[in-house]
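In the block that follows, a single chain appears as structure tokens, in the form predicted on its own.
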Amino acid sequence: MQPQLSRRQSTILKLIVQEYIRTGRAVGSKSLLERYDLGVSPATVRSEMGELEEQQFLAHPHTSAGRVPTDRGYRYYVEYLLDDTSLPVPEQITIRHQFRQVEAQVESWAKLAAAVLADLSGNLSLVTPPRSSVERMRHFELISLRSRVVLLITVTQAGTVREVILPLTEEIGQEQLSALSQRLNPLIRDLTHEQIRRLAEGAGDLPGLVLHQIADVLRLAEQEAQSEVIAEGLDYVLQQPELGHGALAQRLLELLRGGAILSVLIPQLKTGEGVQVIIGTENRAAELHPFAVVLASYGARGHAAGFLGIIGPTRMRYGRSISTVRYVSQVMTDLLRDIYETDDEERSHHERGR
């Protein structure tokens, strides 16, 4: 539990954090008094800074007379000293407009979310496309390409579209393919790959082939969902002075390869907990100790969910990062709810009409 600081100590800690975030340089009592009217003497400021250092809210680099925030100092700042973290209304309107302009597909929204987060925060953004814990089928189509070659197009409940080429042993016309699609689609809607594979047994040559292929597509989508992550803004992070030497930059690049960063982050994240801020050594993985992470979950409860957020040096603009992550998370949640609530209403109407 964090000790409560006096009003003066809180003010000084807040100003030091803000100055260090702004300049990247250790903050001394002289520079603090030159920029802010604290109404106290330099000796008093130095005394309070010394007390904050003793309580491990500040650190004193050997090469400087100033202080810098510690992970504990940043935590206190985030918990108690941040001003209003709402994203400005004009930026909210701009973001909503951007999402309305892109193709109404989940993958397009995820890519846009990553770009918006990176641009507004000036840090690396991460977005996992929304996935169900178990992929389920929504719809498929069969299209005749040429003699004995069919294109299978599948759409999952998460909105993932896959195209697979099916070679046939005999020529089947488009009319027969369309009839087969119309017959099977109602049977496999909302089913998992295991349920569809059981349905394929004894279904006949062509229906069985199609159903087995659809089951394979769903199984592959589930596997990919475990590691898929969209990242944007790496160039922003690499411009930060903290990452000026190659070791930290290389560490971050290695985590991004193959989605390894998800295995590091996800175990300490909680769905539905709002915005979570993990600072420096609070990260369970040593690879992320030089960084701060601001993350939130999004999605339609009971259907599909994902995570999105920002990674940068611990000297990040926390208010800006938190407000951006919170708002983009809400936008993504609203978009997905619109999809799944519409689907639920249509399914309920269809069932009542049977």
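In this text, residue numbers run from 1 along the sequence as written. Remember, it's a predicted structure, so these values are computed and weren't measured experimentally.
Beyond what is shown, the protein has a form predicted together with the DNA; the following relates to that form.
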Looking at Ala300, Val27, Leu52, Ala296 here, can you tell me which has any non-hydrogen atom within 4.5 angstroms of the DNA in the predicted complex? Val27
Can you tell me if His60 lies within 4.5 angstroms of the DNA in the predicted complex, counting non-hydrogen atoms only? yes
Arg326: heavy atom within 4.5 Å of the DNA in the predicted complex? no
Contact flag, Arg320 vs the DNA in the predicted complex, heavy atom cut 4.5 Å: no
Given that the DNA is not shown alongside this chain, does Arg46 nevertheless sit within 4.5 Å of it in the predicted complex, heavy atom to heavy atom? yes
Within 4.5 Å of the DNA in the predicted complex: residues from 280-294 (heavy atom criterion): none
